[in-house]
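Let's start with one chain on its own, the form predicted alone, as structure tokens.
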Amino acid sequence: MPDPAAATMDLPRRDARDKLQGRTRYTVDRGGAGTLQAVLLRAEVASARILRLDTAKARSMPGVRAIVTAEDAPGRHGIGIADHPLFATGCVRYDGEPLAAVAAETLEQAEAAAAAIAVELEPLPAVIEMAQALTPDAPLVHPDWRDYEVLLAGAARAGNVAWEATVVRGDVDAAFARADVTIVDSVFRVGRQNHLSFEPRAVVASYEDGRFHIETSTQVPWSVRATTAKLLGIAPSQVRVTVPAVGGGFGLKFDCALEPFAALLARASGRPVKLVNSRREEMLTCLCRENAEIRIRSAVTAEGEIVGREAVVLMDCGAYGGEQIFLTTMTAHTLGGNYRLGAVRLASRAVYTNTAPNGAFRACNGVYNTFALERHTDEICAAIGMDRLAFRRRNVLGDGDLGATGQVFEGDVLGPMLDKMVALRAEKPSRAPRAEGRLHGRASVVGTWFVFVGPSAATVNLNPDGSATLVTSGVEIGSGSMVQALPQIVAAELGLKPEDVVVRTADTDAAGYDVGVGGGRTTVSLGAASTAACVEVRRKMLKVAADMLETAPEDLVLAKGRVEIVGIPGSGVTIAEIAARAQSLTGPISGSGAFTGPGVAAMPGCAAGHFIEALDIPVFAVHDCEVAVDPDTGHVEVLAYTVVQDVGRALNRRAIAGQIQGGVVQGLGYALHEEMSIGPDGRILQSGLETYRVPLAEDVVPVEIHLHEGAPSIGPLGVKGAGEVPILNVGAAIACAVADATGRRVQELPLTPPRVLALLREREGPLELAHIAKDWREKVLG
């Protein structure tokens, strides 16, 4: 067993120089001579019946080589339910839905041909907001929802409710009926957030020898392979997916997107086809972090014990279920996380509307549920007159405590992290003087996330020169896992330098199955599979070395590119000599490994409609921030921001710090700036960077970072994913600090200056959300 310390270092990114100098070639940079350019013809209404779609004129236009429509791909795909066709079929369900795809010699020719396609639509009533979609007489976005293929049984569905996941543990009615409790009822609302990756969704597809080759900017090569095959009605083995460097993802590329369109056009034209979303298309059809509405009620004793909690979360999935169906699962672990609960019942519903579909986004579901939970926690503290930090310390989950679904948590992690934050607060003076006459506020909040473990495979080949090649389906999306963490792990296992580990880019023809890059899983799942592959390589190397050195394998150690006799530095042979020896005697040395989540038990029968009932690797975070609020403008300035993050074991502190700094800044955008709004016609109003305000350089605040190590983890060397969780608490920390500064009830994000000013001047009454009844059972299907 190698020393874990050998894997711990501040290894710089090997891809940094090329990215800084513009030499990295992303998918958008690919597609050589002979490649056709493609565009999508998209609907410009939210809801309509398709009466006619005539491509005859467009097909005869100059340069046009192929046009495909719904007739070429009649199938449906989805998560949980197969509700999503590739093209609008029979009717249009959202503004921007694809109607046809065109490939031509030039982009201008493709655009001209798309504009020449004759489309006749009959407008239909549309439901734009969830409150509207849930009324008894609302038009159905999917009138035929009962006929769709159900891919995972067990969830309740009805009308415009695409999916409902519930948790019921204990006697909640009895808890709320107790005479010694205070009942606190809170509602919250958040808008959508755009990922805004620098590289838009892009693909180059070709069709040769009866197989498709798809080169794409994705986080999930195997999902692209499977979904493309399903929509084209072919075997998955007929699709090869390769992935160059990806120019940002954040969850946007955690689903199949443009790939089937390009594949159809490549087959129809017999030529390679390139399809890239414009920035406007990325804005109008982005798989955003969903808008959500939340009601949460708690029954709490005067001593601060939470004896009962119930909540309903409405998640707008847009016109198709997509990732939101899976993410209904997460409410149990985010809104139902952080604290010990006596009894609990939660409902999380994905709601269809005639708007662009939403999707996964960094710490998806958790960011707004943590905002709601922590604001609700502060409202509890105000109601019972208890200190906010003392209440949290009393109730945070610890060793042996039950989670919402009855999972038994291991280890005291969140409590000591909160203690660390309290100590940090005491060490430094308040930044209140920097508020300079503005309103000063401060908050410390906690959050619970998880590592999305799942199947991964890896192969390690020992090369004749003593280096090693790691082959996986992992994708480098900017987090550094593929260029830092995995080389560090493999190098430590084999006694090499990280620069001697070659990491192949994803290729589904060469590497085994992998769920994809997201949910903080790359270092854990691919790292564990890589470790298992290295174990086989080590065994083979030591056997060869033992024969060469005439000693026992257990008397040998791998270090610094050599196999040495224990206790005799400089002895033994080089790994290159071992590779050469093995090649001549038994053949090249290689090893393969695999990993999947072991599956932690939940309490039987308390969760319904869930894809994950318990967390294999919980991850925790504690954030503290101080703000100054201008009472005249509503502008919020962040004066200081501190993070204590649970990382299991920190393999690369430099890389983790980069993830935390970036995640906090992205969270500040969600909390303070980024607002996507939808017009009454169902169109997203922010079509570019001119109207969508993201954090700029002057908005960035230096984050004080403290890593908490030693928490239980099944990850290799005890690691946990560190890239997903930094954004989790930011909205909550800002909202609670602004509420502290203003004395107002903060119920919505983002806290743009107009919204804060409206709070300060009490221009609007409190948010009510009357369509989410206080009686939990009135709004639950199952």
Partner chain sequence: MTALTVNGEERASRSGPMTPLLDVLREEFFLTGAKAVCREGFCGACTVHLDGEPVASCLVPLGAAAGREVRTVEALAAGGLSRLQQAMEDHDAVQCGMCFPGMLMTLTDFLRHTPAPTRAEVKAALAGNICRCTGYERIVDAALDAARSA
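Only a predicted model underlies this, so the values are computations on that prediction, with no experimental measurement involved. Residue numbers count along the first chain shown, from 1.
Beyond the structure shown, there is the form predicted in complex with its partner chain, which is absent from this document and is the topic of what follows.
Shown here without its partner, the chain carries G22, V246 and V665, all of which come within 4.5 Å of its partner chain in the predicted bound form through at least one heavy atom. Put simply, of D632, E499, E690, D144 only one has a heavy atom within 4.5 Å of its partner chain in the predicted bound form, and it is E690. Between its partner chain and the residues T522, Q484, Q324, T331, the one pair within 4.5 Å by heavy atoms in the predicted bound form involves Q484. Remark: of stretches 733 to 741, 62 to 70, 710 to 718, 28 to 36, the one touching its partner chain in the predicted bound form is 28 to 36 (heavy atom within 4.5 Å). The closest heavy atom approach of R539 to its partner chain in the predicted bound form falls outside 4.5 Å.
Using a 4.5 angstroms threshold between heavy atoms, F250 counts as touching its partner chain in the predicted bound form. Looking at L196, you'd find a heavy atom of it within 4.5 angstroms of its partner chain in the predicted bound form.
Under a 4.5 angstroms non-hydrogen atom cutoff, its partner chain in the predicted bound form lacks E675 among its neighbouring residues. Residues are counted as partner-facing when one of their heavy atoms sits within 4.5 Å of its partner chain in the predicted bound form; in 455 to 490 these are I477, G478, Q484, in sequence order.
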